[in-house]
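Listed next as structure tokens: two forms of one protein chain, kept apart as structure 1 and structure 2.
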Structure 1
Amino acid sequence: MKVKVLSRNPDDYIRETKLDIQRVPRNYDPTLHPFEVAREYTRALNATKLERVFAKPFLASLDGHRDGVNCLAKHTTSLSTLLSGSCDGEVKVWNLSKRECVRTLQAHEGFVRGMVVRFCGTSFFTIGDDKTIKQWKMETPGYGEEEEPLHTILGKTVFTGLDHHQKEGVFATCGQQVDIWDEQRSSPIRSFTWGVDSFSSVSFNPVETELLGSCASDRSIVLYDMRESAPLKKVTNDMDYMDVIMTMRSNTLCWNPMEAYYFTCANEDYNLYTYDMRYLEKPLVVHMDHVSAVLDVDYSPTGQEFVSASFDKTIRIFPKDAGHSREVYHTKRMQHVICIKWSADSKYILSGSDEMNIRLWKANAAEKLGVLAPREREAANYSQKLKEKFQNHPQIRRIARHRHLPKSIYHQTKELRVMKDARRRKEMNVRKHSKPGAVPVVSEKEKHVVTVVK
């Protein structure tokens, strides 16, 4: 006679200490769990609803400026340091962890047009309406010391944009022309002219550090290569520049920090355009959603997303390859947003606006800040995976996409949609009543580019 004896190892189900989590044996055979997908869907739905409940992106407002904030600069080595320049020529240095101003200096007469921190973080540069470039120490002067710039360069014209090389003591300015400066010299080592009245912004490529891009007043975006040997020479070689002319003027340009070929420009026609500089005939993506001119743009350090600031008093976050924004931030008090920065740890967004305030926002509106317990982190990761798995289900997609907008922006969006539909309808009617091929179909991407000059 056979006798079967039940044998269990206590280590499989008894906790080592009373602080451990109870062990629950589970059989993962799918035939034993016929309602698994239904349960997961319910969890995903609840996670999506809770995300909207906890979406509170606004963190702090830094006030102290006496005029509109015109430009912001991130510190290259310190996460908690931010520099801001206002329309009355004042520059402030902020400690973001304490949320207070640690230093104020009267840098220029008139607007501070641009500022940038040197790659080593020991000094920073500012430009203003008084036609000067000034280099300042990052350290606060000691007791009794005067607040004096390290160097001052007097230019011939007003400067409108400024950026510093990522590895060398070289910086670029723009105004009536794009100038490349050595920190040790008081005159530019190279000047690029393109036969236009003025340039509004200039930006070095953070990966291919010898390349820089600029936005000009004749609606063009011009890309330059600094590796040409002859200095102080007008660029005429085919390899030295590329130029794309659009239907409306671009305000600023920002390079993708992870993909050297891609850059995004903020345009006056309410859109942003992401280009591949190897193929400038049409943009890779047209990013729509703003209802007024886009004034500034900045990439996340991961290169996966970017944030835009607009004249319509909103901030929008776009995935780099999506045509529409995933998030929109606004407050009752915030006026036209002039400048925007994404923090170097990819968690925060900083915006400067007309009504003299700098605002600190979360990059992920529903993210919990501070130290997370392991179980909290696991639960957040599990919820995120569930939301990704069921993101295309109609109910979940509707809840995840819904945003409350100010009445003015809601009505402007509606009006723009009506105008766009009317234009499309008219084009279709003209094509229907014309000879075949007389009215070609032009894609949305191709509509906005007039010509490319090489």
Structure 2
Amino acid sequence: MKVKVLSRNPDDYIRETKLDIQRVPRNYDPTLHPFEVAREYTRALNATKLERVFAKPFLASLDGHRDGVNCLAKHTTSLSTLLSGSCDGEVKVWNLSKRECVRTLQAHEGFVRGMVVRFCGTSFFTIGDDKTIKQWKMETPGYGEEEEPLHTILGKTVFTGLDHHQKEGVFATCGQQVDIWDEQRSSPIRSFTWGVDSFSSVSFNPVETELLGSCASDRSIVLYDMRESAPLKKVTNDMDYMDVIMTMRSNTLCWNPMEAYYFTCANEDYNLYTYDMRYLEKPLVVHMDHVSAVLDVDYSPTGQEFVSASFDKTIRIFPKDAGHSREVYHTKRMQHVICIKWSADSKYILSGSDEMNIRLWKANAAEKLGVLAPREREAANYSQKLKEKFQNHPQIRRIARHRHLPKSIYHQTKELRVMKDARRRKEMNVRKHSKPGAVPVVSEKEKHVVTVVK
């Protein structure tokens, strides 16, 4: 008698080791899966909820400064090193992995206004209210050695900003004018003046390394080419809808490290503006969300996002081309955030604030840190894509966008919205009751630029 039985190859269903995943035979025929969209929607919803559950961005607070932290500097070659300068002239070097201060030095009298690490990572420069530029060794002085700067340059006026060239021994300071210094010389090799206003910050373009940008206190942004003797161009920024009493200058400027001609500036009018340096007539994007002056901005090293620090005691993360932030960080104890940096591996954010602390945040609030197992990584990728796929569905969007805000900021946001609406309504009414074409429609982007000075 013959018996017909089902026979299977054991290789098809037996694992080699118990650590392997169980093999699951699947039939991908779409007719067998009529509810795939519904199932994926549920998964996306769960992923979104879990993301909110795991969103714990605050990692550590570094305390030790005895006055507000006024400036931060990333180390160019070491990820775990951070430098910070405070309002009492003290500079501290931190080890981020141990979360402790490894070195303290009294660099200046008064504020440390700016700090930058040389591209090689062996020394750093500081400027202060005592009109000096000092260069320091990165190494801690040995036992018995005095903590002394390598060089000290005495300037004529107070310096407010400092940045170093990407590859050469050249750095730029700003104060009453923008100066380009050679490291070997005690006087600037070039000075740019344009008008009599003082400058608040200067920064080198990291890609097109001969270009500089600076923010002046006459509400203007000035671009320079180091190879030319004269400044290139000047944009005057104005805030159209805020009170006149407020200053409306840009505080800081940051270039996109991956896209040579884009830069973003943090403005006093609560907004950030991303410009294309070739077309300064109007900004590419107006980034709105802060409810007070934006004090500092820094790009992610991938150039995809940037982070901003504001006087409203929050930190916000913006995608480079989005008008609104994707994330807001705040804690009860964090006061006005003065300086911010995005770490060089694009995973962390560092913020220095008025109340003497430096805080370490995750750049992606819900991300799991450390090495991921392959399956973990795959699952994370999948849920990320799911979230993206269903991001427009109302339930998912609601959960993904929900953030808790301090009461004051929440109410101020509302207030600002009311004001904005009122202004828009009034403008519409005026337009309605005047001759057609007499009150032109001005886009939000155009509103903020007063003029471009050649």
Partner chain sequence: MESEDPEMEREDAEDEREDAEDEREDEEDERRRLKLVEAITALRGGRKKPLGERSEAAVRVSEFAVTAEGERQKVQLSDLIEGAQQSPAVPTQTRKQLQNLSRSQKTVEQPLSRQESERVQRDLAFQKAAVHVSRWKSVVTQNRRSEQLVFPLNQEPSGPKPLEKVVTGWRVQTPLEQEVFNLLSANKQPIHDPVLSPAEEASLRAMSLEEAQIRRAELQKARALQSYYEAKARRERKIKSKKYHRVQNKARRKEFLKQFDQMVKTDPNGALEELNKMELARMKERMSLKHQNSGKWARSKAIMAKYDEGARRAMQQQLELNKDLTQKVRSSLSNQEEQEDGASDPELLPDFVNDAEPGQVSSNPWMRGELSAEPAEAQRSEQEVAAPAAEKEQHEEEEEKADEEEALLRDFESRRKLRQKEEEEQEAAVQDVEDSDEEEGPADQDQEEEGLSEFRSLFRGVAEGLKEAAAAASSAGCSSAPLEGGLIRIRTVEDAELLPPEDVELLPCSESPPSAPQEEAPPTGQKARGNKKRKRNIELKEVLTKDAKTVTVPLAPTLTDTADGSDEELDQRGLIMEAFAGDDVIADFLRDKRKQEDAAKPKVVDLTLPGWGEWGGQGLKPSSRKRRRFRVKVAPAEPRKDQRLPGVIISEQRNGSLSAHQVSALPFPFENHAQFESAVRTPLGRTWNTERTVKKLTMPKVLTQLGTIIQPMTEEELARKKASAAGAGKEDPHKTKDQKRRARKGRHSQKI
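Everything numeric here is computed off the predicted structure, so don't read it as measured data. Along the sequence of structure 1, residues get numbers from 1 upward. Rigid core here is just the name for the largest C-alpha set that superposes within 1.5 Å across the two forms.
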| item | value |
| --- | --- |
| Structure that is the form predicted together with the partner chain (1 or 2) | 2 |
| Large Cα shift (2 Å or above) at V442 between structure 1 and structure 2, core-fitted | no |
| Core superposition between structure 1 and structure 2, C-alpha change of K432 at least 2 Å | no |
| P10 C-alpha moves between structure 1 and structure 2 by 2 Å or more, core aligned | yes |
